[in-house]
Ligand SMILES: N[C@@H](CCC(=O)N[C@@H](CS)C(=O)NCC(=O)O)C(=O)O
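As structure tokens, one chain now follows by itself in the form predicted alone.
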């Protein structure tokens, strides 16, 4: 199997965490042609986005949530998915909160990075939504070592890249630490960064971000 990825993408990072944590047999590649919009890549994934997983038989699976769920199904022994139905539901809920209630609004801030063109009202609205999302997340985290239990699951793969960017937004927009008011979120973020797979992906993302800022 092959995963087409980019180091800075939080969505691709989600899949890489799952792959690294469980030592899954997936080769990680950049999009052919150097771009998600290149003819070579569009021939693989007409959606023109990353990540995309290509199976050995040529089947293409796009979208990070779908890919991680596929990997959990394809490698049930990996432990990517919890065992108990309630834990499975909570892992999916946490991933949904990360994607829909936090990252979706964090994405707005990417378009406001330049102070010269920044819309203060848009920025404030995005931060309000981020705080709402973090409030929801703080309710449903339980204080376990990982998001669900004592081993890395699909929930952690979704949460870690999103929380990294959320923490960075505080610095980039000269705001107080966004995570500090949410005790369970802050404690979880501090703990999960110690996981080797998470640390590896966070390093890749930080290097890619530094390169982009320098360029």
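Positions refer to the first chain, counted from 1. Quick caveat: nothing in here was measured; it's all calculated off a predicted structure.
Below, we refer to the form predicted in complex with this ligand, which is not included among the displayed structures.
Chemist: Taking heavy atoms and a 4.5 Å cut-off, does residue 161 contact this ligand in the predicted bound form?
Modeler: No, residue 161 is distant from the partner.
Chemist: Would residue 69 count as a contact of this ligand in the predicted bound form, using a 4.5 angstroms cut-off between non-hydrogen atoms?
Modeler: No, residue 69 sits far enough from this ligand in the predicted bound form that none of its heavy atoms falls within 4.5 Å.
Chemist: Is there a heavy atom of residue 206 no more than 4.5 Å from a heavy atom of this ligand in the predicted bound form?
Modeler: Contact check for residue 206: no, nothing within 4.5 Å of this ligand in the predicted bound form.
Chemist: Any of the heavy atoms of residue 20 lying within 4.5 Å of this ligand in the predicted bound form?
Modeler: Answer no; every heavy atom of residue 20 is more than 4.5 Å from this ligand in the predicted bound form.
Chemist: Name the stretch, out of 60-68, 166-174, 147-155, 180-188, where some heavy atom lies within 4.5 Å of this ligand in the predicted bound form.
Modeler: Checking each option against the 4.5 Å cut-off leaves 60-68.
Chemist: At 4.5 Å, heavy atom to heavy atom, what parts of 1-29 sit next to this ligand in the predicted bound form? List them in sequence order, or say none.
Modeler: The stretch touches the partner through 9, 10, 11.
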